[in-house]
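Take a look at this single chain, the form predicted on its own, given in structure tokens.
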């Protein structure tokens, strides 16, 4: 239910229209607040958006993002922005894996209930693993949150190499052995520990923008919120720990005594705008390779790739995308060489002849895709209310308890909005 905004009441100014900013805007608008969004780019979504790729001649996502059915904040956001008349365009996919060294294929098939009896059935778990191997998740939930995972688990063996490590690397975007056990434990606590129905993987097969961005913008506009594009914030004008103005270079927006501000920008931008703010300082990259390729009829929508450079392959109707997490080692690599290496893996995965020429391709490198999920970086994540009396922070780098994920970004927006509403 949405409360009609007061046309003459105080304004909440939200800087940044990524998922965190959009989520804050939705939550605040639902509660009747007057909302104005400011976005530095010409489009919303941040790292979670779609765009027309001229080299391929198709519309692609700037990165392959996955959520699961137990991501409650994300599902709440989608229900609000899509409305009761239409369901969010998410497609259920399966946990399928392929070993590029041996050609072996398998599928992990959890049961829906909380009692994980699927681990007792050899055909449902990773080949060569035992039921006891899956107690690793329980250990992570009970571990010291700031302990490196390598201090909690052996980080070896078939279950680690072919299930836990690839899944945790994708979620944490940091080498799992060094990552904070608490971030991995939070993922497991909210998904795996809740039963298979809570970690059914969901894919925006029609594109990220049509699912996460465009409906939100339409809904916000219909409910009185406004968006100003190409507004890059140059500075915050402050007095007595209060924001009194937003400096956009050519324009200064005054902030009234009853107005509020949500800063939903990347960590390094927030640190520049707010000297003295403690934020994560180390980041990890993601590399995506996109190929213009009609989806082979028998190719799954999503496949985990083992013993390959590529890690997850996403097959769409008119193109195929491969994601490499924690990809710092590839940031300076030759783009075409990287594309050819991964194309050879994809041809083998799809069962194409080895001499199949590489189709049109594009490599997208994001050097600061997420904060590094290391214990020392986790300690640097600020709370939503850490920056001032009338200012709240949002972003997947804030203290959400989760790594940099869609769920974490949306949850941070909700948390910032709730802080604003409580203060008012």
Ligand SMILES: Cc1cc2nc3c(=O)[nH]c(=O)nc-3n(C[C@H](O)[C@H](O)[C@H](O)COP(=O)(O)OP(=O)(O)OC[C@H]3O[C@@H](n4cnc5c(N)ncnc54)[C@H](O)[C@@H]3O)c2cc1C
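Numbering follows the first chain given and starts at 1. Every value quoted in this text rests on a predicted model; they were computed, and no experiment measured them.
Missing here is the form predicted in complex with this ligand; even so, the following discussion is about that form.
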Of 381, 27, 65, 34, the only residue with a heavy atom within 4.5 Å of this ligand in the predicted complex is 65
Selected contact from 374, 48, 60, 387, since only one has a non-hydrogen atom within 4.5 angstroms of this ligand in the predicted complex | 48
Any chance residue 231 has a heavy atom within 4.5 Å of this ligand in the predicted complex?
-> yes
This ligand contact at residue 399 in the predicted complex, heavy atom, 4.5 Å | no
In the predicted complex, does residue 346 have a heavy atom within 4.5 Å of this ligand?
-> no
Using heavy atoms and a 4.5 Å limit, would one call residue 12 a contact residue for this ligand in the predicted complex?
-> no
Heavy atoms, 4.5 Å, this ligand in the predicted complex: which of 261 to 269, 333 to 341, 238 to 246, 274 to 282 makes the cut? Say which one.
-> 261 to 269
